[in-house]
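A single chain comes next, written as structure tokens; it is the form predicted alone.
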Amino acid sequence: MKSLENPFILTSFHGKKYFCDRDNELKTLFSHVENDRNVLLYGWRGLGKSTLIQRFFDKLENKGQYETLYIDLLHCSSIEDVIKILASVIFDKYGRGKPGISSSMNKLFFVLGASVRFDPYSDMPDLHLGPRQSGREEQSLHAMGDFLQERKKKVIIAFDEFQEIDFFEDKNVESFFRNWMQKFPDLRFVFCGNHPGKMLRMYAEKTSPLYQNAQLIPLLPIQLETYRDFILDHFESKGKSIAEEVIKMIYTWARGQTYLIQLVCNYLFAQCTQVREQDFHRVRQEILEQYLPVFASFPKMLTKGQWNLLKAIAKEEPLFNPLSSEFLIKHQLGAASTVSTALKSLQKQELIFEEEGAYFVQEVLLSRWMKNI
């Protein structure tokens, strides 16, 4: 890949040079895949799950023994959407850019009700997926499973944003995936998602069709020392400097969140040759101001009690006793019973989370903004 002017990448995977650590997670992923285990990778948004999967797939493809498919479910709202995007990814991997279509792929597209048309100028194929008939979902998944299982190399499929299936109107989606996994044991699956509560429910509740069908990998923040070395190396490689004390401020303010650390460093790298503490304060304020329209919508989505409690938690982070009289009086939150109800609602919406007895606002930028209002 080409060298980038700004090494602090905000989107996708651009090569291992711009990828910070995750060596332990990569080793664990390799171990699971090589030993025929499916994986559930979960953690809060902004920790770099998607980039980790792309880095993992890059290493797998380079080994020459695997083929990988990355499926992003963020904009899917039904099993039909899943089938369409999976068919498109299969076509992009095995059909697009080739002068002809194999008999096995023609067979697959016949079952899917898809048509392949050739560009009159380039003679390259293009896939067209028409409206699907309801009730053929299992047949379609089975056809794609047959096609992928016949590949000479082992196929690894990652479903990113997997928590989205929890919002599908059809509540049998988990059963579709379970049946698919059981019918095609040679395929390996990596399910990746935000909202740890939803992801763990799918795999920890005995009533879930996907109960214990994968090995769990929780994604935690990268350690400060590791990120410090990564940041210093990139600044120094371009003749720039940043003090270790400033890096610690960035890490603490971002609460170790990968995306936010990358965002702040991206701004500082672009604007400064020698980063000082006041540069960090200026940049973080600049970032917060850009998000003001987003922050303004939150009070409208919550009850007054929930909003007041959310603000109070942000101001106190980490908060260890949300029902103490001292906390309730200080922030004028009312009765403990009312606050307890609001607390449970915020946890259910995953706007806050509890870690080792302390409560935090899940969205770091929102928390930093509320702390000052």
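Keep in mind it's a predicted model, so treat the numbers as computed, not measured. Start at 1 and count along the sequence shown; that's the residue number.
Another form exists, predicted together with a small molecule; not displayed. Remarks below refer to it.
Specify the contacting stretch among 199-207, 253-261, 180-188, 291-299, defined as having any heavy atom within 4.5 Å of the small molecule in the predicted bound form. Contact-bearing stretch, as computed: 253-261.
Just to be sure I understand the contacts: of Leu141, Ile222, Leu73, Ile217, which is the one whose heavy atoms reach within 4.5 angstroms of the small molecule in the predicted bound form? Selected option: Ile222.
Just one of Leu328, Leu47, Leu346, Ala312 has a heavy atom within 4.5 Å of the small molecule in the predicted bound form. Which one? So the residue touching the small molecule in the predicted bound form, by this definition, is Leu47.
Interface membership of Phe19, the small molecule in the predicted bound form, 4.5 Å heavy atom rule: Heavy-atom contact with the small molecule at 4.5 Å: present for Phe19.
Verify the contact flag for Asn38: yes if a non-hydrogen atom of it lies within 4.5 Å of a non-hydrogen atom of the small molecule in the predicted bound form, no if not. Result no; Asn38 lies far from the small molecule in the predicted bound form.
With the partner left out of view, is Thr51 within 4.5 angstroms of the small molecule in the predicted bound form by any non-hydrogen atom? Contact check for Thr51: yes, within 4.5 Å of the small molecule in the predicted bound form.
Counting only non-hydrogen atoms and a 4.5 angstroms cut-off, does Asn213 reach the small molecule in the predicted bound form? Result no; Asn213 lies far from the small molecule in the predicted bound form.
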